[in-house]
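This document starts with one chain, in the form predicted on its own, laid out as structure tokens.
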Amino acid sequence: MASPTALHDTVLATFASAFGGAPTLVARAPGRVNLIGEHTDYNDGFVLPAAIGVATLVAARPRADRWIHVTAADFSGATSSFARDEPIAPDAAQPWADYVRGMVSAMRAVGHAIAGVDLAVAGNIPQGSGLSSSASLAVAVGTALSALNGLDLSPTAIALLAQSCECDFVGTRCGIMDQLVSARGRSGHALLIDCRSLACQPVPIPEDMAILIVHSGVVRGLVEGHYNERRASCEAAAAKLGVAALRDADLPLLEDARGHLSTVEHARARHVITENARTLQAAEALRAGDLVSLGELFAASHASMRDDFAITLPPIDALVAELQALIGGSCDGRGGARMTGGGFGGAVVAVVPKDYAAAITHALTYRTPAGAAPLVMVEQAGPGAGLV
């Protein structure tokens, strides 16, 4: 995985190779890890993510014509081109470019004039890890185009455009969490996000707590992974419960309406309702530095994702179980582990006392489906998007 310096060198070299010379600016947008609050964002609920050190960089320079050219270092310098003033369609040959095309389309749809531009993209977020490489790319593109075209868009405005890009152009009906924390992340803090009001409350992360991210090696795909199906079940359940979104429901209401919901709808709604409560409790535990309570909430969250929302997989469950056992044995239960991200593969997040992070990593025996040792990242909360 490239260091920040190496990543910056890569995006500059990629730009020079494709377009000659240097870019006018470089924008950066981080990936994120969600500590807790899974599939609650599109239900108008609460989430508790943090921006992390891995990121996407976009180097940009204006053109004098109508064309937008983009090249990707992570795909061997593959390119995609389209006209800024014509209808923009997906690129079947280069699907990674749809996050660029979708971002330009979203910006144009709300009236922003976008000039021709050369763009080079490079990132060090592990693909398919559930650490939001797609939102990072869209937010980085939005940050670059905002600066290059003198739009002065706020981080929240860029996040909303990036969400529109993913929902309306790419086809993943995602919530706002990934884009908002990538745009608005704060060093040393998680963000308690109210996904209805978009209020972001910084929650300090204790200095003696480490965030471990362990990639299961199971590469996920949200569109192919039934993400949209889960959202449809939640919306159907909310309609039958008579609420605007599952954020407005509680367990007594859910149980009173059990006969009106399918078994699947009931389970999906129960996950969302209980996960919202866990997320608010986790923010309080994090503020208090209470890793025991935080670990208990992590365990309950993972069980709910496995049993009620059905988005985990056997390798993920095995990895979480081993981490939970290691934390219980070596850290006396101070910390916990759970799957993070939309599900169907990706990464597991664990929180542990910083002094124990290396020992837990060393003791981990989990192997990916390919038989390799998993990628383990020790992360801290970093800043949101901006110009480098």
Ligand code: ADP
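In this text, residue numbers run from 1 along the sequence as written. The model shown is predicted, which means the values in this text are computed figures rather than measured ones.
Absent from the display: the form predicted together with the named molecule. The rest refers to it.
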Using 4.5 Å between non-hydrogen atoms, is residue 72 touching the named molecule in the model of the complex? yes
Heavy atom to heavy atom, is residue 295 within 4.5 Å of the named molecule in the model of the complex? no
Residue 129 versus the named molecule, in the model of the complex: is there a non-hydrogen atom within 4.5 Å? yes
Is there a non-hydrogen atom of residue 273 within 4.5 angstroms of a non-hydrogen atom of the named molecule in the model of the complex? no
Go through 131-139, 208-216, 79-87, 234-242 and give me the stretch that gets within 4.5 Å of the named molecule in the model of the complex, heavy atoms only. 131-139
Tell me, which of 145, 121, 158, 246 has a heavy atom within 4.5 angstroms of the named molecule in the model of the complex? 121
